[in-house]
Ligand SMILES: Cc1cc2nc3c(=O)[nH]c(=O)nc-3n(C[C@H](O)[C@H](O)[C@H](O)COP(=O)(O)OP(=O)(O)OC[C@H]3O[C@@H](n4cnc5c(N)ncnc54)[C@H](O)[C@@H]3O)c2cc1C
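Only one chain is given next, in structure tokens, and it is the form predicted on its own.
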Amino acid sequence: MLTPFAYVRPASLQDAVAALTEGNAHIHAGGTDLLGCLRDEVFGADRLVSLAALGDLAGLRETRDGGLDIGAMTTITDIAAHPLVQRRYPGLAQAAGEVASPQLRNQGTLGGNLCQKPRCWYYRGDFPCLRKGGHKCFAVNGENEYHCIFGGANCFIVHPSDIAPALVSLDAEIETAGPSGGRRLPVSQLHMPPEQDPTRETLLKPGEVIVKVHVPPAPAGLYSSYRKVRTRRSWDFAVAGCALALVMDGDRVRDCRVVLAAAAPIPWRSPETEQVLRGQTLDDAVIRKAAKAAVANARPMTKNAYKIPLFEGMLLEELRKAAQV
């Protein structure tokens, strides 16, 4: 049962930012994650600030330099189906198309997907875990088969977004508005590593709102893809995933970004894999070496060591697909 809260629907972005600075306020965009968190008492809210009336925050627009601006209130469905995204950034279209179910993609927004709360059952359940202000991560000695194998210093969640790894691989940036004005920030720097603050998911400040995401122009020779592995072929969150952005010069990899999903508390870029691939032809020996490099520094927990061969096998398959293009 939801506890009582005030609901406001500002007519301008400035009014929305002002409303978010008053009391225990939360943004209401699509609401697919927010309302579930309120119902399950993961956190409370005195006020919900709806962005539904801010039409300027929705839609996809090509920029003068050939990039793409995507409003934070754009639905996941619109991103997945947009011809420009499908043609220039197929990895982003694939990632958006893998989010949840069609109904949730119709309702969920880009900004909400980037800022969603983790799906750890200790965080979502009735446990005073570290992320909720407690003193321990219950996953350490508990049920941790879906938890992280990288970056889990004190909290071992996995970042739940499919879209964030794809945007990191494309070197995208967010634009925000807040009480102190706006700023631009790489998506790769948006999410908060738990060793810095285990109670926060992003580096957004109080009252700060994501306005849009800017995807830079696709370089010549870009190959991008997103792969998601889940326990059921339905609405499940990823058990493992990877976003590839390979800039090809003939049959050689001139530059690349490899970002793992469901591997760490934040979208996890793999410089070890990139180092193996950069400047090389995608032959089988290079692909095998790159896949092994991706998991060489993994630190599995007591019940999730299966993720190591899963990530390695997934990267083998995805890089072999790239080699055939």
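Computed from a predicted model, the values in this text were never measured in an experiment. All residue numbers refer to positions in the sequence shown, first residue = 1.
The same protein also has a form predicted in complex with the named molecule, omitted here; what follows describes it.
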query: Exercise: F138 in contact with the named molecule in the predicted complex, heavy atom 4.5 Å; finding: no
query: Non-hydrogen atom contact P160 with the named molecule in the predicted complex at 4.5 angstroms; finding: yes
query: Distance check, F237 to the named molecule in the predicted complex, heavy atom within 4.5 Å; finding: yes
query: Contact label in the predicted complex: Q189 to the named molecule, heavy atom within 4.5 Å; finding: no
query: Answer option from L246, I76, C242, C148, heavy atom within 4.5 Å of the named molecule in the predicted complex; finding: I76
query: Selected contact from R269, R278, K292, H26, since only one has a non-hydrogen atom within 4.5 angstroms of the named molecule in the predicted complex; finding: H26
query: Interface stretch in the predicted complex with the named molecule - options 293 to 301, 260 to 268, 33 to 41, 278 to 286, non-hydrogen atom within 4.5 Å; finding: 33 to 41
query: Joint contact, A100, C115 and V209 to the named molecule in the predicted complex, by non-hydrogen atom at 4.5 Å; finding: yes
query: Residues from 302 to 325 in contact with the named molecule (non-hydrogen atom within 4.5 Å) in the predicted complex; finding: none
